[in-house]
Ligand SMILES: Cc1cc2nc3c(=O)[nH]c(=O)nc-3n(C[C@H](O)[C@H](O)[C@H](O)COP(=O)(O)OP(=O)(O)OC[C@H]3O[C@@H](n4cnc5c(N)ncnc54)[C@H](O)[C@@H]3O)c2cc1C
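Taking the form predicted on its own, here's one chain by itself in structure tokens.
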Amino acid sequence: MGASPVWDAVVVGGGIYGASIAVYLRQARGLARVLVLERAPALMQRASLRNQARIHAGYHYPRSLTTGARSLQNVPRFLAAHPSALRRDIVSVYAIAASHSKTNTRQFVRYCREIGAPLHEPRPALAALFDPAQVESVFEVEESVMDLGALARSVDAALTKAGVEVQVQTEVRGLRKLASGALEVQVEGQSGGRGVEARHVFNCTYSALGRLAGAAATAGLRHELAELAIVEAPPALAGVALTVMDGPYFSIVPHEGGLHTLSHVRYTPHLSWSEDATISPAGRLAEYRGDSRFERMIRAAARFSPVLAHTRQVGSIFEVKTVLQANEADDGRPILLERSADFPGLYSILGGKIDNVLDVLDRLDAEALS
């Protein structure tokens, strides 16, 4: 890049958070020169792609009123930004376990009423998916599922339209302060190492947040090495996203190619650890050789929905999931947005699900950028 001018903002990480923030900085904040750096060969390849692709409408968080309400409020905004990502062929169903649930039917109904999330009596064919001895109630809900490939294409189009420059296969190695007051992002790419100078840097690297953020921002983070099973569900689940909660807790959600993804609160996490500068989440993921827990997942899930016993595993996705330790008890998913004291102009950002990126943009409205 040679002696190029200073960038107004460099965004590190090309997932949904990094891309959305870059578009926001150009369109809403009027920054002229915005650059996204991504180490993978393309954007949206890691956590943004490897997840159960629901557009959360609040139902998932009955023990966190704030997270649920914000999720529901963000749905129309998210769909307005990425209308092509919506799958219109999916029906979503939630069931409350009859025992050992942290939320009973009465509490769930009251919670949904408080946040304004509609609940409907399920169609008979959907109610019949469950063992009535194991679930105390079943609801058809208004929650959508995304086409993640279409979402990635929508993100690419938004970046192009906004005039954001993107550089992939570019690894960020470090950060240093310059005498001018700007920051230099030290990167390694196909053409070798160089420094990229910026007035503001947005660290949107999810599990790798600590590489730039330092101990202050990451002290409250917890990582999980998680398995998402890719399965061929029985015909009765074609076009159905099914969740049982809220102690026993699993979801089976339509995926690409007519398949589903399956997760279970007990068996999806294989390992967990608190943030530690000596442990690379990406390195731990690359080295992990654990066996799939699909058989345990499906046995547990089939207790509640017997038809799931006929589910066949196709494969598994392993990824690192990063959350704030403070919300492990209530399963809330607030965002982290922290401005560094050591590097003025550096923002560290973490969100627990795709669609609460809109909460980040709302928070950034209050930040002075120039």
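Residue numbers here begin at 1 and follow the sequence given. Computed from a predicted structure; not experimentally measured.
The form predicted together with the ligand exists for this protein as well; it is not shown, and the discussion that follows is about that form.
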- Query: Does the ligand get within 4.5 angstroms of any non-hydrogen atom of Ala95 in the predicted bound form?
  - Reply: no
- State yes or no: in the predicted bound form, is some non-hydrogen atom of Thr170 no more than 4.5 angstroms from a non-hydrogen atom of the ligand? yes
- Answer for Ser64 alone: is it within 4.5 Å of the ligand in the predicted bound form, judged on heavy atom distances? no
- the ligand contact in the predicted bound form: Leu228, any heavy atom under 4.5 Å: yes
- Task: Sort through 338-346, 308-316, 22-30, 44-52 and report the only stretch with a non-hydrogen atom within 4.5 Å of the ligand in the predicted bound form.
- Result: 44-52
- Answer option from Met297, Leu159, Cys204, Leu183, heavy atom within 4.5 Å of the ligand in the predicted bound form: Cys204
- Could you check which residue among Val34, Ala301, Ala57, Leu37 gets a heavy atom within 4.5 Å of the ligand in the predicted bound form? Leu37
- What are the residues of 6-28, in order along the chain, with a heavy atom within 4.5 Å of the ligand in the predicted bound form? Val12, Gly13, Gly14, Gly15, Ile16, Tyr17, Gly18
